[in-house]
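Only one chain comes next, encoded as C-alpha cells, the form predicted on its own.
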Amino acid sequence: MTDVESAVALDLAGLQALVDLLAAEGYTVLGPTVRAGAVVPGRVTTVDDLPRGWGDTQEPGSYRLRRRDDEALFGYAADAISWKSVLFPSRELMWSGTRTADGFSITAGEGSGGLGDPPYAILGIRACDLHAVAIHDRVLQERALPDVHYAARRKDAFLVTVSCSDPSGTCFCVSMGTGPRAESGFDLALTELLGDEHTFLARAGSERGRTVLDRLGSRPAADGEVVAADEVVERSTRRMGRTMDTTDIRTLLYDNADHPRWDDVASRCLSCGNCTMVCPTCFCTSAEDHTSLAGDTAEHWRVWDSCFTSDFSYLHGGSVRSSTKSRYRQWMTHKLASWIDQFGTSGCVGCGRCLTWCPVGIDITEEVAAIRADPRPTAEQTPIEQTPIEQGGGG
C-alpha cells in the first residue's frame, strides 16, 4: 500500500525535469532504451529516449518487442540486459603496463563500460533488478576485501525504480518476494499511470530522493492516483507468468543431488552459459592478459565467465565438473540453495531472463517443481554439508 501522505505526482514535463535535474547534479543518467530490437540500458537525456509505446513478449526461448496501443514509457517487463552490465561490466581493464627505460609503468584501469562515468542515476530499474543490486552490494562491496571497481561505480548511484505494470510469461518475482513494486533500496520510486493524463506517482526512499522531489516542485498525489498506483501493482501480481514454490528449497535441492531430473535437464541443456550471462546476480569472472607484438605494452582484463564452461572449474588434472549434468546442478543448486548459506539470501530474483534467453527454453521453475513433485533423497547423505569447491563460484 502506497503511503498517501508521501506520494506526489509528476507529469511528462515533471519526468523530464527529473532527468534534467539529475544531469545538472553531475549524474550520468541511464535508463531503458530500444536498441537492436530489445530494451537495453542506455544514455537518457530526454523522455523521448525511453521506450515510448513499446512492450515485450517473453516466453522460454523467445523475446520480441511489440507495439503497445498506448504511450507507456515503461510498458515492458524487464530489460533484456540487466543493470549488472553497468555496475559490473562484462569486460573491464584492471591494469595496463608499459615498458619504460627503468622497467615498467603500471596504470590502473578505469573503464566505464561505454555508458559514461559515475556517479550514475539509473532511471527505470525494476524491483527484481534492485534486489539484484542489493545482492551485489553484499557480495562485492561489503565483504572483507571489497571489489573496488564495483564500489567506484556503485558509489553515490541514484536509483529510480519503476513498478512493473506488464510482467512477461517468464516473470516470477512474486514467488521470490522481489516485486513487482520495490519497498526499499531506492532513492525514488515511480508508478506509471495511463489514462486521461499521463502521470507518474512518485515516492521518496531516501533523504536525497526527498530533496529531489522538493526541488521539482511536485504536487501531492490525489487519492485516486494513489489507488490507481496500487491497482497497477495488484494487477501485475496476479499476472505473473511463472511461479516457484520456495518452501525449504535449500534442503530440497541438497537432498536430491542425485535426482534423475538432473540427467533429464542435461539432455536438453547446451551448456552455452546464456543463463549466467543474463542473470543479474551471477558474478563469475576470469582474467585475460594481452601483450603487444612488440612486447612493450600489456593489459590485464577481467571478463565475465560461467560455471557452465568446463574450464571454469578446471584444477590441475582436470575439470571438477566435467559433465553438463554436474554444471547445471551446480548452477541451480548454488543459485537457490548454497547462496543462502554463503550470503544469507537466494541468488534468484525471479526476473525470468534465464528462461527467456535459454536457446532450448529450459525453465528453472519447472525443474524445481519436477524435483519437488518426486523427491528422491540421496541415500546416506548429509545434504547440508558441501565442499568449498561445490559451493564456489558466482552462478
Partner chain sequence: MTTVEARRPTLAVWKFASCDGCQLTLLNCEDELLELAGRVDIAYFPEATRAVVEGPYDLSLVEGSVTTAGDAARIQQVRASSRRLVTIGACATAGGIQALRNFADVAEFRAVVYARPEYVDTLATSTPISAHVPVDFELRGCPIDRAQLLEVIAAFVQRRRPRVTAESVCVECKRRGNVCVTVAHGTPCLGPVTHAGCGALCPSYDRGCYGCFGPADTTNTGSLSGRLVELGMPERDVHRVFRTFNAAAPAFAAESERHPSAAGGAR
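Only a predicted model underlies this, so the values are computations on that prediction, with no experimental measurement involved. Positions refer to the first chain, counted from 1. In this text, rigid core is short for the largest set of C-alphas that superpose within 1.5 Å between two forms.
Here the subject shifts to the form predicted together with its partner chain, a form of this protein not shown in this document.
Out of the listed residues Pro260, Gly224, Gly195, Gly295, Gly295 is the one that sits within 4.5 Å of its partner chain in the predicted bound form by at least one heavy atom. When its partner chain is considered in the predicted bound form, only one residue from Val233, Met277, Ala204, Leu252 comes within 4.5 Å through any heavy atom, namely Met277. Partner contact region in the predicted bound form: 37 to 45, out of 22 to 30, 366 to 374, 37 to 45, 344 to 352, criterion any non-hydrogen atom within 4.5 Å of its partner chain. Although the partner is absent from this view, Ser184 stays clear of its partner chain in the predicted bound form, with no non-hydrogen atom inside 4.5 angstroms.
A residue is said to contact a partner when one of its heavy atoms sits within 4.5 Å of a partner heavy atom; Val212 fails this definition for its partner chain in the predicted bound form, lying far away.
For Arg219, no non-hydrogen atom is located within 4.5 Å of its partner chain in the predicted bound form, even though that partner is not displayed.
A residue is said to contact a partner when one of its heavy atoms sits within 4.5 Å of a partner heavy atom; His290 meets this definition for its partner chain in the predicted bound form.
Shown here without its partner chain, the chain has Thr356, Trp357, Cys358, Pro359, Val360 in 340 to 373 lying with a heavy atom within 4.5 Å of that partner in the predicted bound form.
With the core held fixed, Arg250 shows a CA shift below 2 Å between the shown form and the other one. Taking the rigid core as fixed, one finds a CA shift for Arg99 of 2 Å or more between the shown form and the other one.
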